[in-house]
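Listed next as C-alpha cells is one chain, alone, in the form predicted on its own.
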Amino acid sequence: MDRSAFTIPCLALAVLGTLYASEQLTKSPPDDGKIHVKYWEKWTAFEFDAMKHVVDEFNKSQNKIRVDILSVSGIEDKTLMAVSGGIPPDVAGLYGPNVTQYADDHAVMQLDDMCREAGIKRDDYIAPYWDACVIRDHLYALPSTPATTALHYNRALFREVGLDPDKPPRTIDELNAMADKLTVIEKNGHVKRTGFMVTEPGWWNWAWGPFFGGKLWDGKGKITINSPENIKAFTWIQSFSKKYGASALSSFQNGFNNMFSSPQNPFMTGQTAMEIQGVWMYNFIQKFNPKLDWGAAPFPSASPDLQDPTVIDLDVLCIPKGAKHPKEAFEFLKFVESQKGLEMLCLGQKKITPLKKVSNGFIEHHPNPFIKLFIKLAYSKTAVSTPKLGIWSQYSDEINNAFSAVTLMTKTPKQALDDVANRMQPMLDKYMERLRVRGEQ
C-alpha cells in the first residue's frame, strides 16, 4: 500500500478517531481576533518548558498570531496520520530522521521559497544540521535543537585504578586498554563494573561502522553494511563479548534496562566508567548525581584519519501539508530560527545551537562545562548522521538485530552484516524504483 497516496488503513482510521476525539488536539481556538497556530511538539518536562518559553516570547512580540503549543506523544506517527486525515497541526516538531519519510510521503511543505524570502540560508548554519533538512535538493524542515555525542567518563574511577583523569583515551586501542583496567569481574564471573560497554546506551548501533570508516549505502542504490570497515567495527564490538563473556555482559546490561532517566543509570552509579552520550547527558547528571566527578572528550578514533568521531543528532520543525495557517506558521519558525530564538531554546534545553554564530552570552551562561567541545564536534569531518532513506526505520531495525546477534555471539560479524545486506538490498531496490517512477530520484 503506497502511503504517499494517503490511503488510510484500519489502524490509521483508529488513530484518526483518537485524534478527532481528543479535545486537546482538535478543540477550536478562542475567538480573540488572532490567528491561532497549532503547534505539536514531542517534548515533555524541562525540554517542553524551554520551547514554551520561546512560544510565549513570540506571542508577546506581536498581536496578530498566537501559537498554541501542545505536547504530543508518538508525534512522528500521529502527525503523519493527521496529515492523511486532513487535520494536521500548523507546526510539528519531529526528529531529524523523520524528514526523509515525510518528504517521501509528501506530508510536509517545502520551505525553500519562504526561507529564501526571509533570508534564512545554509551559510548561517553548521552544515550537517541544515543538510539533514534537505531532501533531494529541497528544504522540508528547519533545525530546532541539535546535539553531538562524546565520550563521558568517570574521573574518580580513573584515579582509583591509576589512570590520569586529564588524559582520556584518544584511540580505540587506548579505550580497550583503559576499559580492561576499569572493568571489575567477580570470582563467580559476574560483571560488577564495566570500563566501557558498546551496549550502553545502545542508541547508535548504526554509527559504529561509520566511526570505523564504513558507509551504510553508496548514495546511489547499494547497501554497503557488509563492507570491510563495517565488519571491522562489528568485530571490535564482539571483542567485548569474547573477553568478558556474552552472557555475563547481557546479565549486567539487563539490570539497567529502562533506567536511563533515573538514579540507577549505570554511569550515575559508577557501574560503567565510560560511555558514549550526547550533550544532554549533563542534564541527567545534574538531576541524579550532581556530585559526580565526570569529564567529556572526543570519542576515541579507530585510525589517524578518523579523528573526533561523533553522531550528529537533531530535532526539527516543519509545516505539515494541509496546514490551515502556513504563512503564520512560518512567521513563528522565523522567530525560532533567529539567533535570539535558537539560543533561548537551546540554552533552555542545555544543548548546542545549530547556528555558526554564537553569542558570548550563550557560552558564558551555558551550564555544561564542556559545551565548547560539543560545538566543536559538530564541525568534525568524522561526524556521522543517519542516511536519508525513507526505509531507514527498517534498516535501523535490521542493524540493531545484527548488533544483538554479534554481542550475543550467535553470529560472526560477517554473517550478521551479510544477512542485513541480503534483506535490505531488495527493499532498497524497490524504494529507489518507487522514487524513479515518481520522478524524484
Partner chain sequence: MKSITKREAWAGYLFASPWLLGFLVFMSYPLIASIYFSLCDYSVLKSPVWVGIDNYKMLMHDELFRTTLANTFLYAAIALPAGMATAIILAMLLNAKVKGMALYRTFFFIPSLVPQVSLAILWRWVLDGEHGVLNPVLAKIGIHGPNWLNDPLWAKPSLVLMAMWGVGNAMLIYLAGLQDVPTQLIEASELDGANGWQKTKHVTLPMISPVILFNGIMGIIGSLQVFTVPYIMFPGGAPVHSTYFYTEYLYDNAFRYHKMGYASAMGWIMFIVILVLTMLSLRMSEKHVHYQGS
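Numbering follows the first chain given and starts at 1. In this text, all values refer to a predicted model and were calculated from it rather than measured experimentally.
The next section is about a form of this same protein that is not shown, the form predicted in complex with the partner chain.
Trainee: How about Y102: is it within 4.5 Å of the partner chain in the predicted bound form, going by heavy atoms?
Mentor: Flag for Y102 set to yes.
Trainee: Heavy atoms within 4.5 Å of the partner chain in the predicted bound form: does F260 have any?
Mentor: Answer no; every heavy atom of F260 is more than 4.5 Å from the partner chain in the predicted bound form.
Trainee: May I ask you to check whether F211 falls inside a 4.5 Å heavy atom distance of the partner chain in the predicted bound form?
Mentor: No - in the predicted bound form, heavy atoms of F211 and the partner chain never come within 4.5 Å of each other.
Trainee: Give a yes or no for C115: in the predicted bound form, does one of its heavy atoms lie within 4.5 Å of a heavy atom belonging to the partner chain?
Mentor: Looking in the predicted bound form, residue contacts with the partner chain do not include C115, since no heavy atom lies within 4.5 Å.
Trainee: Looking at D68, E41, E398, E47, which has any heavy atom no more than 4.5 Å from the partner chain in the predicted bound form?
Mentor: Selected option: E398.
Trainee: Exactly one of H106, R155, K243, K287 has a non-hydrogen atom within 4.5 Å of the partner chain in the predicted bound form; which residue is it?
Mentor: Among H106, R155, K243, K287, a heavy atom within 4.5 Å of the partner chain in the predicted bound form occurs only for H106.
Trainee: Is every one of S250, T410 and E440 within 4.5 Å of the partner chain in the predicted bound form, counting heavy atoms?
Mentor: Checked in the predicted bound form: all three residues contact the partner chain.
Trainee: Choose one stretch from 167-175, 359-367, 83-91, 127-135: the one whose residues place a heavy atom within 4.5 angstroms of the partner chain in the predicted bound form.
Mentor: Single hit among the candidates: 83-91.
Trainee: If you apply a 4.5 angstroms heavy atom cut-off, which residues in 381-405 are near the partner chain in the predicted bound form?
Mentor: The stretch 381-405, when checked against the partner chain in the predicted bound form, contributes S393, Q394, D397, E398, N401, S404, A405 at the 4.5 Å heavy-atom cut-off.
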